[in-house]
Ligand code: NAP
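First comes one chain, alone, set out as structure tokens in the form predicted alone.
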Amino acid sequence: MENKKVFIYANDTEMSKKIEATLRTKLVKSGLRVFEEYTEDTELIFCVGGDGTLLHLMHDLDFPKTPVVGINTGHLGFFQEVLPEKIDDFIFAFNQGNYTLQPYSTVKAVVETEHGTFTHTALNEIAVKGEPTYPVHLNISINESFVERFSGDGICVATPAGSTAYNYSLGGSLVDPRLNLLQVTPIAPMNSIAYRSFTSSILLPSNDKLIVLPFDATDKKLSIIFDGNIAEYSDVVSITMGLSRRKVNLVRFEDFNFWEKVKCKFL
């Protein structure tokens, strides 16, 4: 029987490099084949670092279909499943097939400009913001139905995975990743006799599309922030956002419990 092929993705911190070297030795001793480059026939990706490293991995490897397991050497480590001292336990469980895969949805934004169309995908969230020192005014529709003229710093469109990230700091809700939906959370909304904006999150079913149109010419200069990456446009015509068809799979131990992890990490 051919040995399983694995790949290690790690950040550059001293601790991560040390763990990566230890991990590589343990994997080889257990009979797994560690390759220096990722290919589509890889059976498992080890991500050594924190949540930010895992997001980098997703974008660098174009949201791979290969299952990913995180070894936490960062701070929060919400995505990461394995502590460094539990590497032996995980390798044994993996070789025995004693693990589960948890699929995570991604969000996609299609940005139409006066000079072309651009697409951005994210695991956590996509935020739309105006110029840093000015409020932005956006006409927002869900499918073909106009909802509001938003005024404020912008909006954050988060997946269930991203509900615990930027969305949560904005006052959005925590969402179990087993739910297939998007959450639209306002960023510093203006709500007065002059401007009316939602001040709470909106939850959208998986097939719905959120359409954002600049209110006038002064609102066409927008920044699209996707998992911390930024793309700036000066001539936006429209932005259409919805769940992407791409899903990523994170490896979980059989006793993984989302709400226990929320309690551990946030309370």
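We number the residues from 1 along the sequence you see. These numbers were taken from a predicted model, which means no experiment stands behind them.
Here the subject shifts to the form predicted together with the ligand, a form of this protein not shown in this document.
Checking 189-197, 106-114, 161-169, 175-183 against the ligand in the model of the complex, the stretch whose residues place heavy atoms within 4.5 Å of it is 161-169. When the ligand is considered in the model of the complex, residue 93 lies well away from it, no heavy atom lying within 4.5 Å. The ligand in the model of the complex is approached by residue 76, whose closest heavy atom lies within 4.5 angstroms of it. Within 4.5 Å of some heavy atom of the ligand in the model of the complex lies at least one heavy atom of residue 50.
Of the heavy atoms in residue 236, none are within 4.5 Å of the ligand in the model of the complex. This chain is drawn without the ligand; in the model of the complex, the residue among 222, 69, 61, 55 with a heavy atom within 4.5 Å of it is 55. In the model of the complex, the ligand lies within 4.5 angstroms of at least one heavy atom of each of the following residues of 220-235: 227, 228, in sequence order.
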